[in-house]
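Shown next are two forms of a single protein chain, provided one at a time as structure tokens under the names structure 1 and structure 2.
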Structure 1
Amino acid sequence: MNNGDAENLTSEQKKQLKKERRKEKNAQKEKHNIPSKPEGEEPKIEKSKAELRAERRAKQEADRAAKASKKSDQVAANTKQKGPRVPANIQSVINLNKTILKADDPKVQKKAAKKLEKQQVPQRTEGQKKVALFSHLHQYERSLSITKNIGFGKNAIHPAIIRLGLQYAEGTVTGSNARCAALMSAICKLISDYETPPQKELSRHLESKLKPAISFLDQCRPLSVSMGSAIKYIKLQITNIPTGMSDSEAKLRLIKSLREFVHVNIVLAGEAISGYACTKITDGDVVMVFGSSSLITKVLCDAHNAGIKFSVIVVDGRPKLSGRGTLRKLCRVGIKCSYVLVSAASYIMPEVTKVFLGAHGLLSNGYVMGSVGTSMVAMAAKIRGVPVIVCCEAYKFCERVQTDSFVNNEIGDPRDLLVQNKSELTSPLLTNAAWEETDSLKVLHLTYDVTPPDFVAMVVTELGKIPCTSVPVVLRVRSLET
């Protein structure tokens, strides 16, 4: 053999030795029942059941901890972005408003039309020249008939309700207290003429007769905050009628409770508010009022009758110019008065010592809902450092939340802002005929505005003098009483 054959033999011997060693190892593994593994892999060590359970438990706890930390981070991020959490009762009201205030949504309007058709209530036709920014609100025109398609018969709407609805639509009955009192009077007539059908229960059937009446009034003019509180009270009294009581006794009980509601929440509350508010008027004061408010007029007349010497500045605004009625009443009792339009409120504000304002309603976030122009007067007073005192009955407090006049408002008839008579051609205002001919011109007539609580010094109610931020507390107390 040469040197190359020796080297080849040596390598073959090495390979054979490796094979023999591998066979020995496999034989040993088979002897000890250890399964063979491919080269490069280590054999698995079997774990006991207790160890496996411990591992699963540790993994589950780790997953739970990770989910909890992730959830807490998400809640913190949402709170940081969206602000404090809204209470559940207020959130339900917000969701309700989102559903109702969608006059531009065909699905919502179709559902509302079916509901009115089921109740046999005619749907009011909306105006043609609508303002796009307020398309989510209903915009009616007084020239369109409300009772054109109304039916008559046993199941028709009560004549007292029809008469009241027309008075609302024409503006004959205005003011929160007057509208609420008129509603209660009409409901009393409906109850007195009501007869329970055979095999029916009064507490259930009367409420079904009440629903179309309320829907008709809402079609004539959107319900006020005071009317909403009155309707809740009516439904509560109907549901509280004992089952064994006769129909005549139940009707007398209902009528008595409705009249008591008006007496307590309007008459007696007005007297209590007047007593509190008169203490804020002193000799030599110059009091500014805006528009027409039966409660504010009562406060000023009672203060004058008490011997307090003061003067009043009546601020008024178009189109209703309701302040003229306040001016006549105050002058009739002998109070010295001045009359200006709302555009001059900031000019005459340096002479004013106090501002008294009425309210359509007080919202849960402390904002005051009043006739359009109220916020402007309150802002002018705030700038000059003049205290603003709002007088409002507690039954006008509502759970609704609102910070502007765009989301929820009432759109009045745009023709009220135009010149109606041909004899007024010297007026710089646009005539009704010219407006109808101009297709591109839209007229907006807002009825209410909201005043921030920062502009209001105090709210005088029959419960006492409170800040605007105490509205949720009053609502909670009143809900517990009922």
Structure 2
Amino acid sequence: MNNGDAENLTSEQKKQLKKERRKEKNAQKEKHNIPSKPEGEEPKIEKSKAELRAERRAKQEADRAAKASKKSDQVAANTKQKGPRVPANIQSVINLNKTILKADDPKVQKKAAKKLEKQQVPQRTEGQKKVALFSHLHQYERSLSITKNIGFGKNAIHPAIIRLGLQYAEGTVTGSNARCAALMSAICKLISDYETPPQKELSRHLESKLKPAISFLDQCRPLSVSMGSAIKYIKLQITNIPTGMSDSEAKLRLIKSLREFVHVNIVLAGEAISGYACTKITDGDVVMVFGSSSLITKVLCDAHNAGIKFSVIVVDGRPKLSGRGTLRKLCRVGIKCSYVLVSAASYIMPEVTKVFLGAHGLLSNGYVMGSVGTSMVAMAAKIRGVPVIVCCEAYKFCERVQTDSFVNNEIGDPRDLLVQNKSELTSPLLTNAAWEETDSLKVLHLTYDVTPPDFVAMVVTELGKIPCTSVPVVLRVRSLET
């Protein structure tokens, strides 16, 4: 019945109903509006707004004051002597892990992207096919350019840093010592070109200038342990500039200290290590080395120049094939060399008397972080009872602990493993096309791996010959010195 009624409503009746509804609505609105309409009540509301504003301002000032007091407390705490240093170490590791090991967490990535934008550092695009086991690490590809969107303005990154970043990304500068030395020289350039803007203090502002530079370098290629150690040193030197020193003096002092860092920790340490290590090489030795390490090459060349008669077997691994560089350097000096790939390391091991390995860094639990493949050679040597000697400068010791090569590693460009030239049609290697089109096919290019301390007989540093497990002792000694 109702339906019939609704249909029979004429247009006029509908209009009537609409009018009635509108009246009702207006009446309701008026009811609500009544409180604000009377004029007498307006100044009261305005007053309350003004009161709110005043309250807000008071709150903000209170917060600022609280922050300032907190900062001064912290500074006071830092200048206190280094009794329990451990909490700070753990805090630094936790802070590090907040952004670095979370490439698969979208919230963290958003935050990181915002931070990079603020610093005007271009963010690198991730590679397309990531290996699931390493989804927590960044995976970049060389073909996707970093500097396409780089800005050139007043607050832009210094060109020396851009150049350095590109050298890292392309692989022109490799090797932990070389990267650290190049970093120091680029930062020296940055400091010498730096001018403190008026009203600002050198120590505070320079540090804020360094931050975007380091973020950019981190985007180009994840920072190595040696670089991390160098950056810590730089920051310490900047905060230790005595107040009241003129800018030019402060800059000279900084540059001098940075150059000294490189000289003491890389050059002089290298000499000391070479001296210790050469005592371990005797006539008739067959020494096995892996990949390329500037320090190990120096040790072997020094031993040869000292007149010791030994031969060397260079073990190499794809895709970097860095052993070929070592091979050339050793042959130039006149050492008798052999060359094998890592799969033949156990075949040739019966001939070997000693193994010398370089390290990228030494971890606090005694594990040795080196280029991928170091652990393979150490394992093959341990099985046959061949002693493994690791040579590493003390500045590469770090407080991190790690038991496997998954948690913290660097994933290289997967295309390095595939066919390089189109002319190699008969090559058994996968082509780029084959890798891209098959979804379930992934290619993994690891950069580092971690060797357990039971494979290593001895570590030679400039402080002497120590067992692998004494790394935290050295760290403690060094932290007390600085």
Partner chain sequence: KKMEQFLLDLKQEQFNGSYDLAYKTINHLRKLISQTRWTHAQELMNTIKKEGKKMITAQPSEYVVGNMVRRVLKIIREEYVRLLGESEESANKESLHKMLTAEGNERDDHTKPLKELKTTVIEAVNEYIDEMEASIHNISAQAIEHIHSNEVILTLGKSRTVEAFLKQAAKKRKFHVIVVEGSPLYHGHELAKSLASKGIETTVITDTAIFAIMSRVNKVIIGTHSVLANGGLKAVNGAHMVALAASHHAVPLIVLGAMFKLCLLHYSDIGGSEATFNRLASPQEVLDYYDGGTEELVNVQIYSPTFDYVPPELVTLFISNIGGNAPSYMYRLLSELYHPDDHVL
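Structure 1's sequence is the ruler for residue numbers, which start at 1. Each form is matched to the other, and the largest set of C-alpha atoms that superpose within 1.5 Å is called the rigid core. The structure presented is a predicted model; accordingly, all values stated were derived computationally and were not measured.
Q: These are two forms of one chain. I'd like to know which is the form predicted together with the partner chain.
A: Answer 2, the form predicted together with the partner chain.
Q: Indicate whether residue 454 shows a C-alpha shift of 2 Å or more between structures 1 and 2, with the rigid core used for the fit.
A: Superposed on the core, residue 454 moves its C-alpha less than 2 Å between structures 1 and 2.
Q: On a core-based superposition, does residue 473 travel 2 Å or more at its Cα between structures 1 and 2?
A: No; that C-alpha moves by less than 2 Å between structures 1 and 2.
Q: Quick check on residue 444: with the core superposed, does its CA move 2 angstroms or more between structures 1 and 2?
A: No, the C-alpha moves less than 2 Å.
Q: What does the CA of residue 21 shift by between structures 1 and 2 after fitting on the core? Give it in Å to one decimal.
A: Its C-alpha shift, to one decimal, is 85.9 Å.
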